[in-house]
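This document opens with one chain alone, in structure tokens, the form predicted on its own.
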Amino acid sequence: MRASYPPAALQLREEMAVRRARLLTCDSVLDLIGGTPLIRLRNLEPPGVELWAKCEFANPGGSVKDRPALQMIRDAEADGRLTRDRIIIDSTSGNTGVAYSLVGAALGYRVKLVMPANVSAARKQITAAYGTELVFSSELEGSDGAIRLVQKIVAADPDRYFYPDQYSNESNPRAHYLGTGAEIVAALGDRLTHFVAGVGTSGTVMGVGRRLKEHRRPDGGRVTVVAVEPDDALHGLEGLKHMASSIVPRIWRPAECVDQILPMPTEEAWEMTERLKEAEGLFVGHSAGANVAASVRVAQDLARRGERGCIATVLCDRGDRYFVPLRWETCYG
């Protein structure tokens, strides 16, 4: 039997559908970057503490890196560092490369990327599908090896390239100061007590951290910012950096806004990605698992002390980004 609705209810549903359609109308795929939803992780919350996660996998490029890639390119266009005769080049562990490829295609720029040979097949194939030129550095040297190789390529022909250098570019954290951080404040307001994020380039935690430190609750309290990094140099958390054994990004200045640095074992982060699928229906990558695992630790500590809290974190990308996909092939006959 079909459900029947009163005319007034039908009219309201139609009006809401039209309103949503208007909100979703945009001139470019780039307009879809940012404005990602926050989802509450109710099944992971201890009593008295709210857990919220920013769904950055909802960006069109599938990750949090869409935001800084667009900001770095737009800022470089504005001040003349990026012109039509230059190729965008950078080192990446994958997600920023996908973001550069998407933004470059949308704006009509050529893109060349240097990435470790052992990044996931999905990231290699997605960037290649956009027409991006790929150069692979040694898998034994990780992201630092990719940084050294891209610097060598640029030094050999500096006029040919625009090198954003995501590890040193202030437009990286600026994207999160203007976007991610402002969106979290707008959504959670004075309830927010903690923000937790992993450290790779450090753009997310630095940009959001600075924005949240400007927010004062009515009680005068400030948001506590927790940075998460792998607990060992030989870790399995792709995209995150163990700072003591890595080239430290110039934008990583924790004294400005970070209150605590929390070491994260690979196993704990991987286990949380499994738990997120089972408890929340969220299939995300291991850096997201590290963020949530650290957030749960903070939440449990608050609950043990009998304190209330509201914690926000970031789901950096989807879990399918780590699968081996079908090969992307185009045949021309």
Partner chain sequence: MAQVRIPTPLRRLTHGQEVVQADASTVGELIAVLEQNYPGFKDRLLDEKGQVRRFINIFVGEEDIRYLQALDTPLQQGTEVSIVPAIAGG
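Positions refer to the first chain, counted from 1. Computed from a predicted structure; not experimentally measured.
Here the subject shifts to the form predicted in complex with its partner chain, a form of this protein not shown in this document.
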Handout entry: in the predicted bound form, the one of 171, 132, 143, 193 near its partner chain [non-hydrogen atom within 4.5 angstroms]
Key = 143
Fill in the blank from the handout: The one residue among 223, 205, 119, 175 placing a heavy atom within 4.5 Å of its partner chain in the predicted bound form is 119
Handout entry: residue 150, heavy atom within 4.5 angstroms of its partner chain in the predicted bound form
Key = no
Handout entry: Contact flag, residue 233 vs its partner chain in the predicted bound form, heavy atom cut 4.5 Å
Key = yes
Practice task
Verify the contact flag for residue 240: yes if a non-hydrogen atom of it lies within 4.5 Å of a non-hydrogen atom of its partner chain in the predicted bound form, no if not.
Solution key: yes
Exercise for the section: Answer for residue 266 alone: is it within 4.5 Å of its partner chain in the predicted bound form, judged on heavy atom distances? Expected result: yes
Completion exercise
Only one of 134-142, 101-109, 183-191, 214-222 sits within 4.5 Å of its partner chain in the predicted bound form by heavy atom distance, namely 134-142
Handout entry: Stretch 147-182 - residues with a heavy atom within 4.5 Å of its partner chain in the predicted bound form
Key = 166, 167
